[in-house]
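Quick setup: the structure tokens below cover two forms of a single protein chain, split into structure 1 and structure 2.
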Structure 1
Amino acid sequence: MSQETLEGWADEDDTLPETCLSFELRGEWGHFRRVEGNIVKQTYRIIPRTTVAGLVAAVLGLERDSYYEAFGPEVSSIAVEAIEELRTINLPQNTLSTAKEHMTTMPSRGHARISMPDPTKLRQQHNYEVLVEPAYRVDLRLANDELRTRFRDHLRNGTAYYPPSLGLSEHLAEITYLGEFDVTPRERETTEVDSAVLEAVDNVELAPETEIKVERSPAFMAADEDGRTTTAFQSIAYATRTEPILVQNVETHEVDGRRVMFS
């Protein structure tokens, strides 16, 4: 099996199916680096939408930077629900410096060169904030028939082109297929939402018994000739202990008896 590119796939068919593929993502650890830090290594609590896209692309074996269109706003939608209490710990790790003076570039001349930290240098200890036993349910809709079919086959067979991971490659992920479910749109209303609440922080009803938290993470990306950029960020509200959140006047979908929000 060879890695594939996605040329021309995204515009084939851009209506979303009325069903979604649902799966559970679990791991012992997870680390989704927050964009506001590089010197500090703090993690998002809810797996960012762009990370879900990357993970699905890894399962499918899609080439780097080739899949952003297929996960664009019109042709894909993703709902994420944390299904275990979200906990983090501080995990100090010894890392190599990536400051320029500590980097080795090989070969020393020519165009195809790579830079890497000098492994003989002393390590520095840095603290990583990592999620402990994170687990999410993901509901995914993809307009592209071929990608969807192939992904469903992978889910059914428990296979993946690249090993899926939760943020960092060392935090391996376990994927469990839950099935294909109908997605039923619901009228705008005040309702309890089971998934992470997307772009509706102002509509969240704060209640003393439910601890509501917020974060803002990358949602969509685009590639250009030199790399990629995030084209949209989204604000997310969630409850640490995974209980449903009451949200005023909000559009939701029903999936498998649950209320979720797609983006």
Structure 2
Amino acid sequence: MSQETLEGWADEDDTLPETCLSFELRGEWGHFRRVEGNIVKQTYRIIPRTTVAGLVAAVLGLERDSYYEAFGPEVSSIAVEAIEELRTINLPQNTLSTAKEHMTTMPSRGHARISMPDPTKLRQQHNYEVLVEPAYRVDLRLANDELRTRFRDHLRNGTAYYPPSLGLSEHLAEITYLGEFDVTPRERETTEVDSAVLEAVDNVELAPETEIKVERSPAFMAADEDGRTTTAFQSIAYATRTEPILVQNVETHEVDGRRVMFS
């Protein structure tokens, strides 16, 4: 089985379906590296939208940098809800560089080849901030019918082209399919939101007993001559202990009895 591109999956209908695929992501560890540099490699708490797209592409076996259009703002929407308390620790790790110039490919010819760093090189120690036992519910809508159907088949069968992970490849993820649910739009109102709150940070009503945090993470990407570039970020508010957040004057959708915000 080989990697695929989306060229053969043409779908003229760019209308989002009235249902979404819902699944849980869990793992012992997770690391979604923040774009801003620091001595400690910090992590986003909420899995970024771009990472969800990459995970879906990995399950489907799509080529690197080939799938960004299928996850554009007009043809996809994603809601993420943290379902376990968000905790982090700092974890020092000794690593080898995986930059292209430091990799060795064996054998030098043929189709069945692997690339690996030189194990005789000195390791560098880095401090990683990692999420401890992160878990999320993801609600996913895709306009591309074939893409959606193939991903639903993988969810039902518990299969994947590449092992799914939570950020770094060593942080393996367990995926549980929850089902396909109707997506019902709700009028703008003040309501409790179960998912992460998107682009409505100023509308969040604070409560003494609920710790709210905010982060700004990558939302959309596009392929370019260097591989890819982030084209948009989004502001996210979330409760660290996963309680619903009261948000004023906000548009939401109802999915499986929950209020969520898609982007």
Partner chain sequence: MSLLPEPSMFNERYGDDAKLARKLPNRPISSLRDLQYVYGRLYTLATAGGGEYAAYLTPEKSTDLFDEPESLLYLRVDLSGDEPGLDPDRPVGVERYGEGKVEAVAHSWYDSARGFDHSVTHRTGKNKEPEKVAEYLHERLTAWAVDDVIQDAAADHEDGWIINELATLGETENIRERIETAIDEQLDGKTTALTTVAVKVEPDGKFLLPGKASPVFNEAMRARKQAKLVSKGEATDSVGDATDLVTGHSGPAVGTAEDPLNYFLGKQLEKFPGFDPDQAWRTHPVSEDVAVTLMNASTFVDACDYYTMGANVYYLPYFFGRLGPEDARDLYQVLYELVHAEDMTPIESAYRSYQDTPRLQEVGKRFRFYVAAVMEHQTKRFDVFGDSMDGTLFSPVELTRKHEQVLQSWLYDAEGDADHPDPRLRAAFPTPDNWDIFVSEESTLLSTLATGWYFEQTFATGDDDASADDYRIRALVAVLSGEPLDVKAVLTEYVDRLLEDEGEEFPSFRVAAQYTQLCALADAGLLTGREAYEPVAEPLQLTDDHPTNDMYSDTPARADGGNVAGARETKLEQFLDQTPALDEEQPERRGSFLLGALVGQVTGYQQVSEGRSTTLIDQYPIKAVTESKLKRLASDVLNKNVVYSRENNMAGTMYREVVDRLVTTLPRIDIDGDWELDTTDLRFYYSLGVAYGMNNWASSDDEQADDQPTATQEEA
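Numbers follow structure 1, counted from its first residue as 1. None of these values were measured; they are calculated from a predicted model. Under this definition, the rigid core comprises the largest set of C-alpha atoms superposing within 1.5 Å between the forms.
- One chain, two forms displayed separately, with the form predicted together with its partner chain being the first of them, structure 1.
- The Cα position of residue 211 differs by less than 2 Å between the two structures after fitting on the rigid core.
- Comparing the forms between the two structures, the C-alpha position of residue 103 differs by 2 angstroms or more, with the core used for superposition.
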